[in-house]
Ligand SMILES: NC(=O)c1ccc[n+]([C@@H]2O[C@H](COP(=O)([O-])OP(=O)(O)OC[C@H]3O[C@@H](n4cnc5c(N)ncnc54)[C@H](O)[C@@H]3O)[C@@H](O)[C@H]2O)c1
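The form predicted on its own is given below as one chain in structure tokens.
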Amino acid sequence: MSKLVGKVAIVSGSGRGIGREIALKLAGEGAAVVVNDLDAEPAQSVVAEIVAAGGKAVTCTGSVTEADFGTRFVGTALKEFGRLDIIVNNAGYTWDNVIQKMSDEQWNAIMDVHVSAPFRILRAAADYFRESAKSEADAGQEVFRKVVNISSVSGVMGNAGQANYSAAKAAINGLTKALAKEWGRYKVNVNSVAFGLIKTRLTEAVAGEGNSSTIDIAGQEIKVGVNAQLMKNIEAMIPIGRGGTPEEAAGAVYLMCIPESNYVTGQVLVVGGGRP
């Protein structure tokens, strides 16, 4: 039996990669999903895939860093589906450099997408969560809702060349723990999932020194990818022996969204194949 029938989820950055697999997994278990991406085409493609499989989904495109995005994202779920049960703050990217070469622009951009954007989304949902919990309690019901913030092992252990990203992902873990205490009385479970090496376009191996792929973020070309030899070295240190797949990453998020995790909150689940 599908565990999320009747639930509504919003998943940021769900047009590609891990976010796409999270959206597909939640929809496959019965949830209606609001799909977000910077670009309309990948978001619409995920929606079409969900609908073709018999599920329900709509898009809410645009950058999560826009000042009004949180209100618009939450509002889309309430307008289209009449409720909101699951929030997955997944959108993000890396923009690496050693600290002496890191610009204010790099620092602020990564903090904005990984900390400020999730904060605004969660703040936008606060009134709905509080009012719904009160109504349900008055009716003698206990209804759990879920927040899953995507973190990283960089936010747990730190990572050289990623002062901005490590700081941002540590901050989202702090936000997770604070909201778990604030929202426990509203029956909202708030947890982080901290990924290790997951094979996506952001971490794909590239051959040769100095080679890389790029992604476009608001007109800024950001280098992505990992040197092929470095990738082999990283995977050799993972007890399971390889990087994870986006599907496996989505499975970990799913665990934090189902009824079996109703008594789990304020936690950081490390998903790294055995490597801390």
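Treat the numbers as computed from the prediction; the structure is a model and nothing was measured. All residue numbers refer to positions in the sequence shown, first residue = 1.
Form predicted in complex with the ligand: not shown, discussed below.
Of the heavy atoms in residue 65, some are within 4.5 Å of the ligand in the model of the complex. Looking at residue 201, you'd find a heavy atom of it within 4.5 angstroms of the ligand in the model of the complex. Put simply, residue 38 is close to the ligand in the model of the complex: some heavy atom of it is within 4.5 Å. Looking at residue 90, you'd find a heavy atom of it within 4.5 angstroms of the ligand in the model of the complex.
The partner is absent here; in the model of the complex, the one residue of 176, 189, 164, 152 having a heavy atom within 4.5 Å of the ligand is 152. The candidate site formed by 6, 129 and 257 is entirely out of contact with the ligand in the model of the complex, as no residue has a non-hydrogen atom within 4.5 angstroms of it. Stretch 113-121 is the answer when you ask which of 74-82, 95-103, 113-121, 137-145 has residues with heavy atoms within 4.5 Å of the ligand in the model of the complex.
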